[in-house]
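Take a look at this single chain in structure tokens; it is the form predicted on its own.
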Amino acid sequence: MAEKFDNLEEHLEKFIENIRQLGIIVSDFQPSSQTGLNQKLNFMISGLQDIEKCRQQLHEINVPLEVFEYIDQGRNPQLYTKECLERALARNEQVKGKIDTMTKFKSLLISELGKVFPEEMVKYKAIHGEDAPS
């Protein structure tokens, strides 16, 4: 898979360089540079065809729209992955905290119910396979 990306990257770099050179030729256009301009335009067309071939190889890859928003904002798209992982970790810690709280609540509830309803709690614990209250 990486070689497909490398291939696309190589074609994009060549295309960008051709566009840069085309811009130089156009900005200082002389009638004598018409041949060079035509050649660069043909290179640009073949470059777009090469990029299209690469696109067909990578059609199954989905990029989250948020990554493009990061790029539009001038931010590093790798920060998207980092921030997603940080959000997932924070959410995981929240859920773990809720689970721990509910486990403590269950223990406390069973303990307190055992004090108020000792016979019923013995039956409950027998059904659920827990030890009898102490």
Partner chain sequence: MTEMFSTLFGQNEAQGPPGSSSLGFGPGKPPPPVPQNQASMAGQMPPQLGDEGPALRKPGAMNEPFYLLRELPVGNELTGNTNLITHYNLEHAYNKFCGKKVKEKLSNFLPELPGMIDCPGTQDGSSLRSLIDKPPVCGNSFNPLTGALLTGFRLHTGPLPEQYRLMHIQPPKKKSKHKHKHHRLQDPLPQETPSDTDPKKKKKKRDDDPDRKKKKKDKKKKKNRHSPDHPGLAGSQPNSNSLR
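The term rigid core refers to the maximal set of C-alpha atoms that superpose within 1.5 Å between the two forms. Positions refer to the first chain, counted from 1. Everything numeric here is computed off the predicted structure, so don't read it as measured data.
Separately, the form predicted in complex with the partner chain exists; it is not shown, and the next lines address it.
The closest heavy atom approach of residue 112 to the partner chain in the predicted bound form falls outside 4.5 Å. Contact check for residue 4: no non-hydrogen atom falls within 4.5 Å of the partner chain in the predicted bound form. Using a 4.5 Å cutoff between non-hydrogen atoms, residue 104 does not count as a contact of the partner chain in the predicted bound form. Residue contact with the partner chain in the predicted bound form: residue 96 places a heavy atom within 4.5 Å of it.
In the predicted bound form, 30, 31, 34, 37, 38, 41, 42, 45, 48, 49, 52 are the residues of 30-53 with at least one heavy atom within 4.5 Å of the partner chain, listed from first to last.
In the core-superposed comparison between this form and the one not shown, the C-alpha atom of residue 72 has shifted by at least 2 angstroms.
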